[in-house]
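Given as structure tokens, the chain that follows is alone and in the form predicted on its own.
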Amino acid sequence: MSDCDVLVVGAGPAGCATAIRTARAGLSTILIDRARPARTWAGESLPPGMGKLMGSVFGDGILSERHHRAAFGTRSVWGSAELAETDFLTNPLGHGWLLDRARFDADAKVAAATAGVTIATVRRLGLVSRASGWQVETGDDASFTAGFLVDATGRSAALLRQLRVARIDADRQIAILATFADDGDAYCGTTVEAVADGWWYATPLPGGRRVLAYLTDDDLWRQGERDWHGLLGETLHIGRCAGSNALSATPRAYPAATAQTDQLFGEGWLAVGDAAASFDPLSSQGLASAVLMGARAGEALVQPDRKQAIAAWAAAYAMMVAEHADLRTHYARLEDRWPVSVFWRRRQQPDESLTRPRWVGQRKQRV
């Protein structure tokens, strides 16, 4: 049995950011890492200005160009048939980043260990219970006890499910995605194209590969022809940008819904990252938000008035979710070429579950 002040379950960037902050402040912190992490898609991009944030949390070398690529703009086909470019070269915040996500996650865990976090690798999670403190069982006949528990288990929200905290989905979006050897055009940035029942994006990756994804709603995908390659052939620009290797790539489906937990924190626990809120991939906001709010959660946990600090952190998180919801609606309304499209109509009215997160006046959970 291992004891600690803070137990963070989930060793992705959000969990690492939280653990680093608490460990640096002198709280004994254990970070539980799954031996077989949840299936996630390759590739991630960061908008301009995120280098400073990532460096402040994980160290200056986290975004080395030896492992990641600088992004110099984005291109979009949105609201018209034209391919429009936003150039980062004149952006005062500098360039963006195209990440080797596996490398980034591994380096985040190294940064956590360097900060004094104990990292425990387990096969699976077991029961979570609470008496005088939290107790978390694992599939390795091991257990951990902690004064405070952090759910950083991603979209699965594994701990919150055991606490019987609901998850609210704002849509049914999925990503039908493939990675392959890159023979597309030389543009060093993400290209996005809206289509009748969703949207596509293509991004070059470090190491000479490319990610290509079609995002639509799960029910629309199941009801339609479900021919990823055929739909790619109907695009105006992105098929050409992605290159010919896309035509022989084998895509897989991944969850990509915009969602949030019904309860962000409770007595002795809180949630960070995708367990707290999952953002639409269109925003490129997910990773940056997870790291930012994970670090701020760690800072709240070390304050003398922890309860007040967590409440302030939750209010800031709710504001971020609401701003994302407004931006999501704004971009959906810009795409008016398919007025009868179910996909676009679903997104063109604000979702109250996002614009008014129910994180004030937290209800008491059952354990």
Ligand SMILES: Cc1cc2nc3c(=O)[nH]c(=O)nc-3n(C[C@H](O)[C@H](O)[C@H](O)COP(=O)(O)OP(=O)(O)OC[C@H]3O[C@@H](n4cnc5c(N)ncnc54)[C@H](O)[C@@H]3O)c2cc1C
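In case it trips you up, residue 1 is the first one in the sequence shown, and so on. Nothing here was measured: the structure is a model prediction, and the numbers come from that model.
Just so it is clear, the following notes concern the form predicted together with the ligand, a form of the same protein that is not shown.
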Task: Region of this chain that lies against the ligand in the predicted complex, out of 153-161, 222-230, 181-189, 244-252 [heavy atom, 4.5 Å] - done: 153-161
TODO: Verify the flagged residues A112, T118 and M293 against the ligand in the predicted complex: is each one within 4.5 Å by a non-hydrogen atom?
DONE: no
Task: Exercise: L125 in contact with the ligand in the predicted complex, heavy atom 4.5 Å - done: yes
Open item on the list: Although the partner isn't part of this model, could you tell me whether L354 comes within 4.5 Å of the ligand in the predicted complex, counting any heavy atom of the residue?
Closed with: no
- [ ] Although the ligand is absent from this view, report whether G286 comes within 4.5 Å of it in the predicted complex, heavy atoms only.
- [x] yes
Open item on the list: Can you work out whether R34 and the ligand are in contact in the predicted complex, taking contact to mean some heavy atom pair no more than 4.5 Å apart?
Closed with: yes
- [ ] Identify, from the list A108, V136, L177, V165, the residue with a heavy atom within 4.5 Å of the ligand in the predicted complex.
- [x] L177
Open item on the list: Which residue, R75, H95, R101, R210, is the contact with the ligand in the predicted complex, using a 4.5 Å heavy atom cutoff?
Closed with: R101
